[in-house]
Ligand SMILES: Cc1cc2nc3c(=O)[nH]c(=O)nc-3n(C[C@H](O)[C@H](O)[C@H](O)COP(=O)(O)OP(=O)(O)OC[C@H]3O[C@@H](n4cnc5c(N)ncnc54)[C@H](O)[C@@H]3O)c2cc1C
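Listed next as structure tokens is one chain, alone, in the form predicted on its own.
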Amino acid sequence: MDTRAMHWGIVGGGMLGLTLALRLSARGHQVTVIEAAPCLGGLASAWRLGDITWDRHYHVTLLSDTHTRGLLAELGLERDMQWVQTRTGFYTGGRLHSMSNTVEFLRFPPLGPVDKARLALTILYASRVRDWRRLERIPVADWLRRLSGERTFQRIWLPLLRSKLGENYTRTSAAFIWATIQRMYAARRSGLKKEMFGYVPGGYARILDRLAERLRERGVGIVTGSPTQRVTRAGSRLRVTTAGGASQIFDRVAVTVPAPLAARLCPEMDEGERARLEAIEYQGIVCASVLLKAPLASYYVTNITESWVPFTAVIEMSALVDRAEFGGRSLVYLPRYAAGNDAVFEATDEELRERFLAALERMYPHFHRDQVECFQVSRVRHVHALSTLGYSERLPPMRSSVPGLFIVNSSHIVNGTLNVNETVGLADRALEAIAHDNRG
């Protein structure tokens, strides 16, 4: 227990805010979590799809995800993890190819032998690089062209970069692709590098229920459906005002919402600090969850290099998760990453349904839309911060200019990619930065 127990307010009830609350309560602090949405979890939240409940967005645990696995162990869920060897597909040139092992990689038609050798060496080299700060100064396109060659860049890397970053890839640093390769490479076994991915039966609905139960056992207050309006000084303490004018006073406050939103919620931070937060650019996501009567293919993830396809990839969750979780049916995610001001966010569910299902029918000749039992769309404008050139040098520190106020969000994942493991790890790192602050 810390020698001086305080009352902490956590603005944001996603995995970051909940893990911070768990850690602070373990140190003897009183904690209250304030979440705008009617349920906890943020990007990891679950929802109802027809007659099943599953994750709103796709998530998977890798063998190397030590932070997530550690948290699950604390919650008594790690022993229930189901580990599955998955397969990877590639849709290019109007055809679906398997690229799940070395033999299939060597047979991959779009690339010649030299291209494949350079691609393999690029991935191997990136997996061994340790100085990610040096990569922050190099545009990702320049780095990949130099290592993999122009043809491999045009046929493989560029479509994949555009699918995640749009045209913002031109301003993104090589640290972005380095972080992606680091995580995926660490997750694979030796030999043919087969992927082993895991999930908890019941999905994140079960994980979040157990986490909320543990927090309440520790006396943590949880307030949902209460959007925060502003965080301001109240003498030597801080006031959190929520919709309707209600407010609470705290000794310390950690704001875990995306950086531009945090800048608007905290008007008393100095002007330069707020400007730096507002300048952080985010990619958003429009993600369709599709419940099908039959599977599309046997791949957990199918990467797409065709520009006409309106979504980023095909994530067939039922290629990983036991289909009994879905009543014997197949669950597919169709994500589209885009800047928050992209027109795709204004498209109606019916418009997206028509575009997405028409693309699936073209990609999978055996598929017909009458196999769809449920089609729901999630829209989030702030998902991950763009890893622009020199990103970490411009990021404000977690400790704000207002005594007792901390800004901790996914933009502070500067040497990784946004996922649950990195989020839990960020909470653990942030704890050391914020828990011993003595300003008041």
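It should be emphasised that the depicted structure is a prediction, and the values quoted were computed from it without experimental measurement. Don't overthink the numbering: it's just position in the shown sequence, from 1.
One more form of this protein should be noted, the form predicted in complex with this ligand, which is absent from this view; the next part is about it.
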Exercise. Any idea which of 386 to 394, 368 to 376, 46 to 54, 31 to 39 reaches within 4.5 Å of this ligand in the model of the complex, heavy atoms considered?
Worked result: 31 to 39
Exercise. So which of A212, V321, L265, L291 gets a non-hydrogen atom within 4.5 Å of this ligand in the model of the complex?
Worked result: L265
Problem set entry | P227, G166, G202, P139 - the one with a heavy atom within 4.5 Å of this ligand in the model of the complex | P227
Exercise. Would F406 count as touching this ligand in the model of the complex under a 4.5 Å heavy atom rule?
Worked result: no
For this session: Answer yes if any heavy atom of R155 is within 4.5 Å of a heavy atom of this ligand in the model of the complex; otherwise answer no.
Result: no
Exercise. Does the 4.5 Å heavy atom contact test between L160 and this ligand in the model of the complex come out positive?
Worked result: no
Exercise. Any chance A427 has a heavy atom within 4.5 Å of this ligand in the model of the complex?
Worked result: no
Exercise. Relative to this ligand in the model of the complex, which residues of 47 to 61 have a heavy atom no more than 4.5 Å away?
Worked result: H57, Y58, H59, V60
